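Presented as structure tokens, the chain that follows is alone, the form predicted on its own.
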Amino acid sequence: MIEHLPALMVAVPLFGAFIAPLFKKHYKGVSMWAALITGSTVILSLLLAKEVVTNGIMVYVFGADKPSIVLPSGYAVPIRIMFEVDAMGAFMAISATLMSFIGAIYSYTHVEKEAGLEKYYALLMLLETGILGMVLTGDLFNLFVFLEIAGIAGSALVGFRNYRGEASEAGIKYLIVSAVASLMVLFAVAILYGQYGNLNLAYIAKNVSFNMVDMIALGLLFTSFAMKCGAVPMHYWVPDAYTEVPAGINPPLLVATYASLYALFRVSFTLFANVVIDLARVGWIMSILGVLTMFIGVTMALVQKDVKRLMSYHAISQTGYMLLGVGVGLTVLHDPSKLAEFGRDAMAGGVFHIINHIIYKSLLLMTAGALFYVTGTRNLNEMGGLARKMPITTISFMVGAAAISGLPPFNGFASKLLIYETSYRLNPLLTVFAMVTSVLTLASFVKVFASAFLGPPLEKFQEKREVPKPMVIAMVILAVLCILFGLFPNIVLDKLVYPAVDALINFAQYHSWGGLA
């Protein structure tokens, strides 16, 4: 079974998605089915991560023994696909499966009154399939296919509440952005296939010459994945999508966003890192993009009255920290002394912040969903005094707010501290912007806490109570993870994060499988 883990990671949620429509009008059945399938993928992802960390890169081949067949005309047609799973891919797979499982639990009661739940859960599992395919594949065209699957499923989920005009608009906007990004990826794939006659990432990386055509391909890939991960100035779709999507879908949708960030890192470190070019320039672009993203995102959040939209702008802001950390590492990638001195730790901060942000941002968006579930509004001006009525939601919000603001002993502090220290070594101004952003983030969430939870309960909320148990369980799990990752960061860093970082840095090990393509 172990050798088939990469295939099972995609096959299990795909099977679950195809079975889900059979549960039409049986919402409890389809909810439990989705929880069972996504829970199974969590176990599979942990087994996969253990195998990869213990024994190194895991390669799984779909199709024929030979990479391609040659037609009588002399044209070579690829006839197989390879999954090439290293520690970075396994790290992202754990994030995807865990958040899909949490989302399925939360959705059990959060969307129970909605129509078409068999479609909802089918799309949730299809979204998980797309994400897992993106982070496990070693094939460029396969990456495009799974990017499309995740994009289509994500847009349908964003627009799921189609009786709301805002949801339909957000879904269409997400679909258009996904289509444009996918089209650019497809163009880049075509360019690289025309150049090298192969679609395998490791093979192309070993043979890339980085001529003008390759530079165009890099530009297309960099732009498309930056657009899909919500980096400034291509962030315009994020607030609408995260605000309108049901709160149970926010966790896997966050991972879908950062699967594109993973693809950006994979392209930068694996596909083109072997070329002797000034990668420092690409790293600086990524770092500056990160600073702009974090600062613009947080300043836009400060003026919001819609609690979920406010948190959505913070999702943009936090993406900037990841870009900054990994950008600093990319800047010094070809300088062994600086890479060992602070570059590796900078990348660790950025990668660690991915899973930290996924955890606490999912928690915060779920607390926003809980507020909407109880009050029927997302407007902070129409809330107040809910701490006494919703104590567990209040505590969960406080944990998430402290984590996103970078306060100890929560998980956001651990990853942000690494980013502060290492970006200072490259340029102190980068750290100044990062720390100011954290202060503004704290101010923003103090406003939310005061508006929604403090004060005497409003008369219209006198009879309101805490949200149902499945929603509470999902929030508590994430709150506990925020605390555990903050109290024991070294365990997470040593077991998950540094192996993932080393997999990006030691690109030669990934390239060694290019001969199989």
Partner chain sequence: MNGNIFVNFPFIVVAILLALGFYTIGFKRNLIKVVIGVEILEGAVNMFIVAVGYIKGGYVPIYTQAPQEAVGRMVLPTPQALTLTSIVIGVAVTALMLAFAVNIYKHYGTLDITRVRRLRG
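Residue numbers count along the first chain shown, from 1. Given the structure is predicted, the values throughout are model-derived calculations rather than measurements.
There is also a form predicted together with its partner chain; it is not shown, and the following applies to it.
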Answer key: of Asp345, Glu148, Glu84, Glu118, within 4.5 Å of its partner chain in the predicted complex (heavy atoms) is Glu148
Could you check which residue among Lys389, His110, Arg309, Lys361 gets a heavy atom within 4.5 Å of its partner chain in the predicted complex?
Arg309
Only one of 363 to 371, 408 to 416, 149 to 157, 125 to 133 has residues with a heavy atom within 4.5 Å of its partner chain in the predicted complex, and that stretch is 149 to 157
Hey, in the predicted complex, is Phe265 touching its partner chain, heavy atoms inside 4.5 Å?
no
In the predicted complex, does Tyr313 come within 4.5 Å of its partner chain, counting heavy atoms only?
yes
Answer yes if any heavy atom of Val446 is within 4.5 Å of a heavy atom of its partner chain in the predicted complex; otherwise answer no.
no
Interface membership of Gly194, its partner chain in the predicted complex, 4.5 Å heavy atom rule
yes
Residues in 141 to 173 with any heavy atom within 4.5 Å of its partner chain in the predicted complex
Phe141, Phe144, Val145, Glu148, Ile152, Ser155, Ala156, Gly159, Asn162, Tyr163, Arg164, Gly165, Glu166, Ser168, Glu169, Ala170, Gly171, Ile172, Lys173
